[in-house]
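A single chain, nothing else alongside it, follows as structure tokens in the form predicted alone.
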Amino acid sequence: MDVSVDISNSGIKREEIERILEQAEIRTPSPEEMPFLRLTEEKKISRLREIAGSLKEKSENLIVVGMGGSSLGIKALREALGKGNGELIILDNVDPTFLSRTLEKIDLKRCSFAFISKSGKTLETVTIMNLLISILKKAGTELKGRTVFIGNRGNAFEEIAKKESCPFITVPEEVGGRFSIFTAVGVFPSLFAGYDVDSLFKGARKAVEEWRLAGKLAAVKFIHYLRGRNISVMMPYSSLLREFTEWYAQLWGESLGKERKGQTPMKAIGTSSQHSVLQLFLDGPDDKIYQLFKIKNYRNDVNLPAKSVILPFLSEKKLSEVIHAEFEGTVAALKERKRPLITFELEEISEETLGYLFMLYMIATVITGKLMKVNPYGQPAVELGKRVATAILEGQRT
């Protein structure tokens, strides 16, 4: 695995970065400060692998039901890595049309199910769970042998799992949902899909070893935040990383958006977003910092024909050459407009690379929280909307 990060075009000098980190007393990350550093133990992975294997004996697909941190990480892995050896179907919205269209395409008898909620009371997750269990029971299909429940010990899911004789898989109480990709939340679906979890963890460990890079990333973004650049753009040049930008948006926004502080995450995809928001990036307000990702080697690269019908310079070019040229063009344009820029170059999109990026950004988020003097864990404001929604459904509010 090879990931290189260039902050030379960020507009921040190395001395200033070091000063900011030193003043905030940023030190080697510890599991006490960052509980997600405790990766799932091999013994537990072996058990998860065994459970996933037993489910695959009866099903081709795994329907994952979870919200936010219980689904965004695995969605990022699924889109980046593809189907693998088992299809993952992720239900993370109670939109009736979305659910109806999705379920119409699925033979539930050929599916297993993973219901994920740390509390066991997540409104949307429980809603979809009730719907699926009702459908299965009407069809005479047992949950036993094809269903797992994942959450904190002692929650309602554990009770249902016991009642239905299904496995209940615990997640560490101290690891919040958006930091949980390296727990059973991300590991179990990955094992079902046949992803290389060992390589995922290998990338994560390398990011921990290189935590100073996460510190520099945090410091650069924090300094620009102080300078009024309160929007953080992530723009990978690969559609396969679209869901990774969704994961990043939750991590950055929900962790840091507190006490009237925060840096708004903005998602874009090269090259398609060049035809929508690049004009804003180059000619709009200078209130953003940019993170662009280049992938050196794309799977299934394609050669263009020997003679191009239009634009003759395209003759015999590879698609990767076209997207690389587009990337370099955007970088050059942003530099010309003196927009602060951080560039990532990935050798390829793989489990190891993704593990590295997941961990790098989680460490950077916690360090940024320390620099901003906000608690990066929890989401207290989100709970207000949940309470109102629950009250409406209980008939206590109109």
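From a predicted model like this one, the values you see are computed outputs, not experimental measurements. From 1 onward, residues are counted along the sequence shown.
Just so it is clear, the following notes concern the form predicted together with ligand PA5, a form of the same protein that is not shown.
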{"item": "Option touching ligand PA5, based on a heavy atom within 4.5 Å in the predicted bound form, out of S320, T141, T170, Q250", "value": "Q250"}
{"item": "Which of 203-211, 67-75, 264-272, 102-110 sits within 4.5 Å of ligand PA5 in the predicted bound form, heavy atom basis", "value": "67-75"}
{"item": "4.5 Å heavy atom contact, G177 to ligand PA5 in the predicted bound form", "value": "yes"}
{"item": "is_contact(T183, ligand PA5) in the predicted bound form, heavy atom dist at most 4.5 Å", "value": "no"}
{"item": "Proximity of Q379 to ligand PA5 in the predicted bound form, heavy atoms at 4.5 Å", "value": "yes"}
{"item": "Partner contact for E243 in the predicted bound form: ligand PA5, 4.5 angstroms, heavy atom", "value": "no"}
